[in-house]
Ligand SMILES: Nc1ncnc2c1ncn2[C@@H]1O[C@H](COP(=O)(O)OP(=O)(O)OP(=O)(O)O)[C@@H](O)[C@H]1O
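Given next, in structure tokens, is a single chain: the form predicted on its own.
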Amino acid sequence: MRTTAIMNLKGGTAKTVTAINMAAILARDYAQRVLLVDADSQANLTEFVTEGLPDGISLGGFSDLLRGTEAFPMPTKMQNVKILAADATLMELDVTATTTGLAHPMALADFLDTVEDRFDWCVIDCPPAFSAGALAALAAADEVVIPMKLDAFGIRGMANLMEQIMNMRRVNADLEVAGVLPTMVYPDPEQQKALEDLRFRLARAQIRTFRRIRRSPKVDQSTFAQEALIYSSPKGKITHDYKFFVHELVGNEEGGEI
């Protein structure tokens, strides 16, 4: 099972949107059995892909897993996609929880070993903070995809994220950066310059830059419809962008068209 963590320590970079659409495309277009892991206490991914559970019913989700109790992947509205759900109790599990024994940093890696015959690909939606959930995600992942909004804050913050990923190689020696995914890109000279500068910097560091994801109102519309873009806007330009991104990631190919 290939495991991809979608991570950026800055919020608002389209991590959850990327996880949703990556999972949907992998399942429909590549016949992959996908496990989504919602590692963010906001639980936006969980809310998007499930019908929800009545109050008071235990999810048996990611928070339970980190605490050492049993976890159960839930069905989603997407065929061939299940989810290890999130809930607000993840807020209690900061990095110190892994040193006090409240959270187990290798819990997700161990869990994925037990379900590897049931899934082909695991996609982890990480929180915008270095929490116990993020630590467990990086300990379990083969690779990290970094969605990045092209602004000064995002570009400056990338160095800190890269440092954290490199530090995690002490725990997970196989962890790699699959690449940076520029998101919400719009036609503007400053955006184009920022994209060119980013590609240049990353190329010098031997880090891949995926082709950009354009900004589109179709994303907001898809969140209200609670449908992945391949269903809510099958012919949209941003849908094509996400399909091309998955094509690059699956085929490990640069450039070209699909």
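Sequential numbering from 1, following the sequence displayed. Quantities reported herein were computed from a predicted structural model and do not represent experimental measurements.
Keep in mind that the form predicted in complex with the ligand is not shown, yet the notes after this line are about it.
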For this session: Pick the stretch from 203-211, 36-44, 188-196, 62-70 whose residues have a heavy atom within 4.5 Å of the ligand in the model of the complex.
Result: 36-44
Exercise. How about P75: is it within 4.5 Å of the ligand in the model of the complex, going by heavy atoms?
Worked result: no
For this session: Using the partner position in the model of the complex, report whether M184 sits within 4.5 Å of the ligand, counting heavy atoms only.
Result: yes
Exercise. So, in the model of the complex, is A14 in contact with the ligand at a 4.5 angstroms heavy atom limit?
Worked result: yes
For this session: Please run the contact check for D220 against the ligand in the model of the complex: heavy atoms, 4.5 angstroms, yes or no?
Result: yes
For this session: With the ligand left out of view, choose which of S233, T50, S216, Q32 has a non-hydrogen atom within 4.5 angstroms of it in the model of the complex.
Result: S216
